[in-house]
Each structure stands twice: as C-alpha cells, then as structure tokens.
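Single chain ahead, written as structure tokens, the form predicted alone.
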C-alpha cells in the first residue's frame, strides 16, 4: 500500500473580506508534497505564497478545501489540535530570527521543549545537540546581541529542529543576511534535508536561493503557475 503524501492540498481556497472588497489569496489549489522533499515557493507580492505558508504552518485556515497532513484531514481541527500539530510536527524559521533578546542561545533553543513540559536536564541536552548540529558549539551561552546575523539564524534553525520536526518551514530565511552568510545558511538547511530527512518548504523571492531546492512552485494570482524539478533531479529521473 502506497503511503499517503506528507502534505496534500485539495482545492484549497482562501479569501479575505466580503463583497467588492473580497480578496482571493488562494484559488482552488491542489498540491502534494512527499516526505524528504525540499520545495521552494516563489511568486510576486500578493501571489499567494505567504498564505500558502501560513496554512501549511497551521497559522491560518482555508476558506474551503482540505488540508491533509500525513493523510489526516485537518479540516475542522480546533485551536488546541492545530497547536499540537505545530508543536510536534513543524519547525519554523523566519527572516527576522524571532529570538528572545538578552537570552542565551541555548535558552532560546530550549523554548519549544519548555512548551512540551520536558524536564530541564533533557531540555538542555537536546538544545546543546541542536546547537552542535548547526555549528554553534562553544556559543551556547552567548546572548543574541553577542552573535552575528548568521549565528542568530543558526540559533533560530537549532530552535526549529530541536523538536525533531517532520517539516521545516522557512520564510525568507536569508532575507536579512549578506551573500556569503546566506550561502552558509542555505548549505546548512540543505544538509538538514539531505542528511536528516527533514522535509523543507521555503518561501523566497531570490532565484539563487530557490536553486538550493529540488522543486520550485511559482504562484501567480493565487494559483500554482509552474511546478518544476531542479535540473539535477530531472537528470536523476532520466
């Protein structure tokens, strides 16, 4: 029996407003993402890419259609169920890092485990392991002000993966970084996908950043205009 896709959109639409002020952010989108994929989402402002990311992350809900996660229809989930799905299955990385100021790197990474009710010793152990994974051993007790932008984003990635999520959702993860640091962060995200099997879904407006993904979705006016594999993936298929 073929396993269900990790993620599936079935005729997902999302509208805002009413009457003449109605905005259709997504228009009957069908989408399937399998385990271990690395998908980039692109498109101009207002194309639907951010709305898609918000629905994927259970931060918003569709107006109509079905969102299935591991074959389970999330339609009708209440707030507590969405919170549990986010807490146990999803990791988030944002352009702005979203770290707690004047708080150490390891304490920032521990935060999702606090919400899980994990004891302090196990939290610290897992947080230190996650920081080592992102190349920040020795920086555990530095506060965010003592870290460079690239190091702060590494802390944010460590925080996202400390719960061993099935999916890493990255929203413009290199938007505040210089070219060299952006490349380092993308190589890190690629290694998490390749070596640890984490499914990565990333919103970006930069072609060179999207090139790290194996698959690129381009949105226009609330619909997927193109869905393409990277050249290396096409070669592998052939």
Ligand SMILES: Nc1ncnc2c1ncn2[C@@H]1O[C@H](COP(=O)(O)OP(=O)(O)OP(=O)(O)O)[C@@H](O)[C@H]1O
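A quick note: this is a predicted structure, and the numbers were derived from the prediction, not measured. Numbering follows the first chain given and starts at 1.
From this point on, the text means the form predicted together with this ligand, which you will not see here.
Site residues 23, 48 and 51 are all in contact with this ligand in the predicted bound form, judged by any heavy atom within 4.5 Å. Contact with this ligand in the predicted bound form, defined as a heavy atom within 4.5 Å, holds for exactly one of 28, 36, 205, 183, namely 205. Annotated contact segment (heavy atom within 4.5 Å of this ligand in the predicted bound form): 40-48, selected among 40-48, 174-182, 207-215, 63-71.
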